[in-house]
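Consider the single chain below, provided in structure tokens and representing the form predicted alone.
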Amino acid sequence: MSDALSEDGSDINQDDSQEDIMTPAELIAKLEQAWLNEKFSPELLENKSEVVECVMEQLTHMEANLQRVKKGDAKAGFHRMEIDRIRFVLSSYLRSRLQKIEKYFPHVLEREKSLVEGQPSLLSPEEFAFAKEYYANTETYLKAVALKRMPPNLQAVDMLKAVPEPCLDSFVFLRVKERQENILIEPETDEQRDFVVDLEEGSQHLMRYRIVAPLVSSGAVELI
């Protein structure tokens, strides 16, 4: 996201090419949606580092504006609360991602390695460095406290098998942003026909995450 924030808080384009222009309110809404999706999804989602960087720039801009407010102005308190609220959402979003990286680190790294050219990266550069370091430190710790005391044939450990994968069949609440047709809920079996539903815009549902994972990634639904 190459959009920059103007002095009045709006976004301006730095080149002549046509790009999406995003207001500060829309930027914060994108952060909040990414936060809720990350918070309620069982797996690590695609990183939103561009949104994070723009929000941090916006916070710096808001802090600078706050410094120019006269002491005793009632508006200062409201602006401070809004800044604190945005900082909380941003911190919670980043913390949720780090917790998932720590919990599923071998699977996260394996998925990152299997990406083909053109696919969006799951991790930001900083998260990728953290995940690799966490993996190396975990291996070093296991060898130091346990594996070196075991018989030679038991001193190797397969992290992909040792660390459980995210449970994609867990249930999530979601709100539909764009109408979806013919969503397969249950595949056809010998005992029943396949179960297909339409998701109406604005409707809310409780469904298995695996079914709606592609819709979460595309932004057609949001987790709540």
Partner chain sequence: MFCEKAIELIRELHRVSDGQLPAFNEDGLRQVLQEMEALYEQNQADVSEAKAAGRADLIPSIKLRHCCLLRNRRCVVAYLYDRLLRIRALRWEYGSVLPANVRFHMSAEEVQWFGQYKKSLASFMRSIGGQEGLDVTQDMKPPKSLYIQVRCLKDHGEFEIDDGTVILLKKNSQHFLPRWKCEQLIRQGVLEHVMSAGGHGGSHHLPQQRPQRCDLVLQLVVLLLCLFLPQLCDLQRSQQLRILKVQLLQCTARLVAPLHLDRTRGQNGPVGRRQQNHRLTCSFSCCTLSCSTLRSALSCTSRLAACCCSAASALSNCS
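Values in this document were obtained by computation on a predicted structure and should not be read as measured data. Positions refer to the first chain, counted from 1.
This next part talks about the form predicted together with the partner chain, which is not shown.
*Asks:* So in the model of the complex, does any heavy atom of residue 120 sit within 4.5 Å of the partner chain?
*Replies:* The answer is no: residue 120 has no heavy atom within 4.5 Å of the partner chain.
*Asks:* Classify residue 114 as contacting or not contacting the partner chain in the model of the complex by the rule of any non-hydrogen atom within 4.5 angstroms, answering yes or no.
*Replies:* No, no contact at 4.5 Å.
*Asks:* Answer for residue 53 alone: is it within 4.5 Å of the partner chain in the model of the complex, judged on heavy atom distances?
*Replies:* Answer yes; at least one heavy atom of residue 53 falls within 4.5 Å of the partner chain in the model of the complex.
*Asks:* Is residue 110 part of the interface with the partner chain in the model of the complex - any heavy atom within 4.5 Å?
*Replies:* Close contact is absent here: in the model of the complex, residue 110 is far from the partner chain, nothing within 4.5 Å, heavy atoms only.
*Asks:* If the cut-off is 4.5 angstroms on heavy atoms, which of these, 167, 160, 184, 156, is the one near the partner chain in the model of the complex?
*Replies:* Going through each option in turn, the one that passes is 156.
*Asks:* Pick the stretch from 45 to 53, 24 to 32, 194 to 202, 172 to 180 whose residues have a heavy atom within 4.5 Å of the partner chain in the model of the complex.
*Replies:* Comparing against the partner chain in the model of the complex, the contact stretch is 45 to 53.
*Asks:* Within 4.5 Å of the partner chain in the model of the complex, counting any non-hydrogen atom, which residues from 104 to 131 show up?
*Replies:* Sequence-ordered list: 105, 126, 127, 130.
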